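Starting off, we have a lone chain in the form predicted on its own, written out as structure tokens.
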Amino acid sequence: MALRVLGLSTSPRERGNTDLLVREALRGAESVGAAAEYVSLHGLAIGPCVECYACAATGGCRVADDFQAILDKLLAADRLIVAAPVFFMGVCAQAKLLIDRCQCLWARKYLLRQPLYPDGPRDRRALVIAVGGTKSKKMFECVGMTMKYWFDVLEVRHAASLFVNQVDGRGDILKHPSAMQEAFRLGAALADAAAPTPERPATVELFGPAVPGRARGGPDGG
């Protein structure tokens, strides 16, 4: 059976830089026979965690919105590609809302001691893609830390990361062919069922001068 790869675009901009990269990574996954699905948070209604602690009793989130459908997809996927622009040294609000709502999984695992998968642990792996508009490199440290603890509750192994800085304008990533090539390559590698389980994330960092033809803007690379 083909591996199920979920590509999750969290950018608030359609056809933004991280959105284009996750699409390219999915093309890479499809090139090795994976069943790829693209999902964008743009336009979805996902509210914040309200810290009601209902999940401490049930293991589920009582807030009814689009989170429930996304959660089902997150848990069903064999491989996850999550792409987020960097806003103020962390993932964008859309990504953080989704991550915070997964508090229900934390409660399920650590308070209720209920396994996410009754049949036992699965081989689940993830690729993280992040783009930032500034020349800072430390912003990706914050992204990596957030993903580390999110993946813990999702029971996903962080396999690889693609970090690109100094790319800001919508679609400017297309002027950065090496980033698109790396996204395709990493997507294909993630979906290779024969690949050994990684001990630590393989990180590709494309740091350098801003894309020609546009003045650098704010902290995001959406």
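None of these values were measured; they are calculated from a predicted model. Heads up: residue numbers just count along the shown sequence, starting at 1.
Below, we turn to the form predicted in complex with a small molecule, even though it does not appear here.
### Query
Which one, Ala76, Met89, Met145, Leu116, lies within 4.5 Å of the small molecule in the model of the complex by heavy atoms?
Only one option qualifies, and that one is Met89.
### Message
Contact check in the model of the complex: Gly7, Val22 and Ser161 versus the small molecule, with a cutoff of 4.5 Å between any heavy atoms. Do all three pass?
### Response
Negative, none of the three is within 4.5 Å.
### Query
Is there a heavy atom of Ile81 no more than 4.5 Å from a heavy atom of the small molecule in the model of the complex?
Taking the distances in the model of the complex, the answer for Ile81 is no, it never comes within 4.5 Å of the small molecule.
### Task
State yes or no: in the model of the complex, is some non-hydrogen atom of Val131 no more than 4.5 angstroms from a non-hydrogen atom of the small molecule?
Yes, contact at 4.5 Å.
### Task
Could you confirm whether Asp168 comes within 4.5 Å of the small molecule in the model of the complex, counting heavy atoms only?
Asp168: yes, in contact with the small molecule in the model of the complex.
### Query
Using heavy atoms and a 4.5 Å limit, would one call Met139 a contact residue for the small molecule in the model of the complex?
Within the cut-off, so yes.
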